[in-house]
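Single chain ahead, written as structure tokens, the form predicted alone.
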């Protein structure tokens, strides 16, 4: 069975490393991006990912611009916005076919949300979340 591949983009190196370890203990293969530019470079490199976990505070992110590019060029890639609460998070997420989960110190909710999104994708109930 092929491993589930996640792309994790977070502004903080320590958070990236912590979340990467936590998600890998669940059996996921996790690639890292440190900026909006890196997200687009990694995705443009042809690697296939099952989910993007996105902190809206990664460098060079203009929220709507990045989310619009992702929706345009990678419409089947589910996006989980994992950030501290921006203005109108649900509106931002719904306009861009994403799911919003507010960051906290405990990775359990993140892991649970990732599992649900991946199950939804696998069940074919919508390629976009």
Partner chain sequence: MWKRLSLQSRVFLLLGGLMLTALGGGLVTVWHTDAIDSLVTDLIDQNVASYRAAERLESALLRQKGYVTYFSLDQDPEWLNRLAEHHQNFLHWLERAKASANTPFLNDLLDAIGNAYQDYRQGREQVIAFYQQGHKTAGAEMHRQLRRQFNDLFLLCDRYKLIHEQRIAEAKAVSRFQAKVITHTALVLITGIAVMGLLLGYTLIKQILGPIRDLLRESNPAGLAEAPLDEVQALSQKVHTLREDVDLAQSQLKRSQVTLVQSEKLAMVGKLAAGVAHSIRNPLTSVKMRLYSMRRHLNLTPEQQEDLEVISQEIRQIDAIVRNFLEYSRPPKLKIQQISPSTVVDWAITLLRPRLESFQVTVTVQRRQMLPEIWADPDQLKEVLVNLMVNACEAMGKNGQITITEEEDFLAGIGRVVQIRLQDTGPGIPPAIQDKIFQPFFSAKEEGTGLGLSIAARIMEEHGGSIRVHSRPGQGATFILTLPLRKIKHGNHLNS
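Positions refer to the first chain, counted from 1. Here the structure is a predicted model, which means the values were calculated and not measured.
Separately, the form predicted in complex with its partner chain exists; it is not shown, and the next lines address it.
- Residue 103 belongs to the set of residues with a heavy atom inside 4.5 Å of its partner chain in the predicted bound form.
- Although the partner is absent here, residue 121 sits far enough away that none of its heavy atoms falls within 4.5 Å of its partner chain in the predicted bound form.
- Looking at residue 23, you'd find every heavy atom of it more than 4.5 angstroms from its partner chain in the predicted bound form.
- Though the partner is left out of this view, residue 84 does reach within 4.5 Å of its partner chain in the predicted bound form, counting heavy atoms only.
- Three-residue candidate spot 14, 19 and 111; every residue lies within 4.5 angstroms of its partner chain in the predicted bound form by at least one non-hydrogen atom.
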